[in-house]
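First, one chain by itself in structure tokens, the form predicted on its own.
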């Protein structure tokens, strides 16, 4: 079950396993990191650059640099992990039948793994043709 505490000390008492406590801490840390990563992403792409100048060439030039690939991959990975763990909390609370919960999680985790694989593949395996 999901930990409903707001403080770490209370969460430690409420956690059934250490893994559950680590996921609780991860949700707090990844949420804060995601906020700053996404604000930085929006700042660099919507404030520093004129929105009318963003086209394929701009994106190709940006994604031909390893730094931007890693930055975007970090957003992708954290967002999928954060969202998947949040969805796990929802499923644990709402799907009562253990068999249905198991198969629902299998489908959701498979979809998340596919999206992560596809996103990583498109970020790191595509030649944008920029010299």
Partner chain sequence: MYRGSEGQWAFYLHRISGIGILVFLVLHVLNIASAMWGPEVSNAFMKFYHQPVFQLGLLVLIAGVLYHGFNGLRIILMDFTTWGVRYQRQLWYGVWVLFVVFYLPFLVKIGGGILGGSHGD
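In this text, all values refer to a predicted model and were calculated from it rather than measured experimentally. We call the rigid core whatever largest set of C-alpha positions still superposes within 1.5 Å between the two forms. Numbering follows the first chain given and starts at 1.
The same protein also has a form predicted together with its partner chain, omitted here; what follows describes it.
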Heavy atoms within 4.5 Å of its partner chain in the predicted bound form: does residue 67 have any? no
Quick check on residue 97: any heavy atom within 4.5 Å of its partner chain in the predicted bound form? no
I'd like to know whether residue 49 contacts its partner chain in the predicted bound form, with contact meaning heavy atoms within 4.5 angstroms. yes
Do residue 103 and its partner chain share at least one heavy atom pair within 4.5 Å in the predicted bound form? no
Contacts with its partner chain in the predicted bound form - residues in 34-67 whose heavy atoms fall within 4.5 Å: 35, 38, 39, 41, 42, 43, 46, 47, 49, 50, 51, 52, 54, 55, 56, 59, 63
Rigid core fitted, then: does residue 43 show a CA shift of 2 angstroms or greater between the shown form and the other one? yes
Is residue 74 among the residues whose Cα moves by 2 Å or more between the shown form and the other one after superposition of the rigid core? no
